[in-house]
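This document starts with one chain, in the form predicted alone, laid out as structure tokens.
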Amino acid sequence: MAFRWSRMSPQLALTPAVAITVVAFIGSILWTIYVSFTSSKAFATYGIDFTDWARQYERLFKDKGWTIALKNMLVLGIGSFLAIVFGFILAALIDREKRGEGFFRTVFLYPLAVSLIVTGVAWRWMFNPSFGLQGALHSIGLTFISFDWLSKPETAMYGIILASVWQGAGFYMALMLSGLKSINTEIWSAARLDGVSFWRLYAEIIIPMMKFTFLTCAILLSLGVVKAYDIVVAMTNGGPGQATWVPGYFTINAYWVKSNLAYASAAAALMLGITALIFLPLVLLTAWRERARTS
């Protein structure tokens, strides 16, 4: 009996966590999807008109704001990929220069300790044309430089990308550095003996060996891009106009500003679908590569 109890005790200990996950996570997802087929406004109503059950989704795809949000999400994803690139470059430089490694690793990781809200506010100040970087440069005579990106619809998203890359590069640097540390030192020694150039070493040997690390970074980056909201609110609040709307901002705006719960739920359900389309293939590819590596 004691042996059986010892086997059951871990399952019993995990039962509250599993119950909370099922109710709060899976249950809320199913509830949101269901509500998206209703005509709920500020509060949920659970009647579904089956003659027009997809009207919220039809409205969504006709909404110019949703189209802008999807395009901005794509732009943000492509631009934010620079965080992985810079993270790898920083990791490679730190790994080659052993002196001061702890200091530089702390410096580059510091932005990660700052919340996205604080990051957004700080960069909004820097982009301010009066007392930001532009004002400082103009005060020393460099009046030809323009750094008021957030005030222009065509450049506002690039300002958000710049702030996101600054905030996230240190995190990806830490992941890349751990990947570089896991590479056998004999590979570096053999490359030096064979006279392999610096660029060939990284392009043909190191980067292919770190493909699992790059894949992990891509998964984390894609999730962050799809759920992006706080940095947009802090820097532009979706403006100018709708120039910096992203799916997360659109969803929150649909409920709190338009008081349309069903419409916001439809947007949230599509965000879940986008996440699944991006996340699941990457996870399956990661699992397949890991299985192939261990077999």
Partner chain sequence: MSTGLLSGDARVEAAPRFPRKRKGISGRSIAILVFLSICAAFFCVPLYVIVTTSFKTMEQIREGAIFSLPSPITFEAWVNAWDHACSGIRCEGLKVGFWNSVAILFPSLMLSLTLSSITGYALALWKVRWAGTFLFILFICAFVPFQIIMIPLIILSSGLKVYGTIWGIAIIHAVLSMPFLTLVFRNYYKGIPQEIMSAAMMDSGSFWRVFGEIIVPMSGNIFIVVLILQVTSIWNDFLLGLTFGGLGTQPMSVVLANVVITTTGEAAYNENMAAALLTAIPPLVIYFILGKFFVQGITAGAIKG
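Note that the rigid core is defined as the largest set of C-alphas that superpose within 1.5 Å between two forms. Positions refer to the first chain, counted from 1. Since the structure is predicted, the reported quantities are computational estimates derived from the model, not experimental observations.
Note that the form predicted in complex with the partner chain isn't included here; everything after this is about it.
Which among 151-159, 203-211, 89-97, 73-81 is in contact with the partner chain in the predicted bound form, heavy atoms within 4.5 angstroms? Heavy atoms within 4.5 Å of the partner chain in the predicted bound form occur in 89-97.
Contact with the partner chain in the predicted bound form for residue 188, defined as at least one heavy atom pair within 4.5 Å: yes or no? Close contact is absent here: in the predicted bound form, residue 188 is far from the partner chain, nothing within 4.5 Å, heavy atoms only.
Given that the partner is absent here, does residue 32 sit within 4.5 Å of the partner chain in the predicted bound form, heavy atoms only? Flag for residue 32 set to yes.
Indicate whether residue 65 is a 4.5 Å heavy atom neighbour of the partner chain in the predicted bound form. It does not: once the partner chain is placed as it appears in the predicted bound form, residue 65 has no heavy atom within 4.5 Å of it.
State yes or no: in the predicted bound form, is some non-hydrogen atom of residue 110 no more than 4.5 angstroms from a non-hydrogen atom of the partner chain? Output for residue 110 is yes: heavy atoms within 4.5 Å of the partner chain.
Is the partner chain close enough to 38, 85 and 288 in the predicted bound form that each of the three has a heavy atom within 4.5 Å of it? The answer is no; none of 38, 85 and 288 reaches the partner chain.
Go through 131-147 residue by residue and record those having a heavy atom within 4.5 Å of the partner chain in the predicted bound form; state none if no residue qualifies. 131, 132, 133, 135, 136 sit within 4.5 Å of the partner.
When you overlay the rigid core, is the Cα of residue 286 off by 2 Å or more between the shown form and the other one? Yes, the C-alpha position differs by at least 2 Å between the shown form and the other one.
Could you check, with the core superposed, whether the Cα atom of residue 113 shifts 2 Å or more between the shown form and the other one? No, its C-alpha moves less than 2 Å.
Core-aligned, is the CA shift for residue 74 between the shown form and the other one 2 angstroms or more? Moves: no, less than 2 Å.
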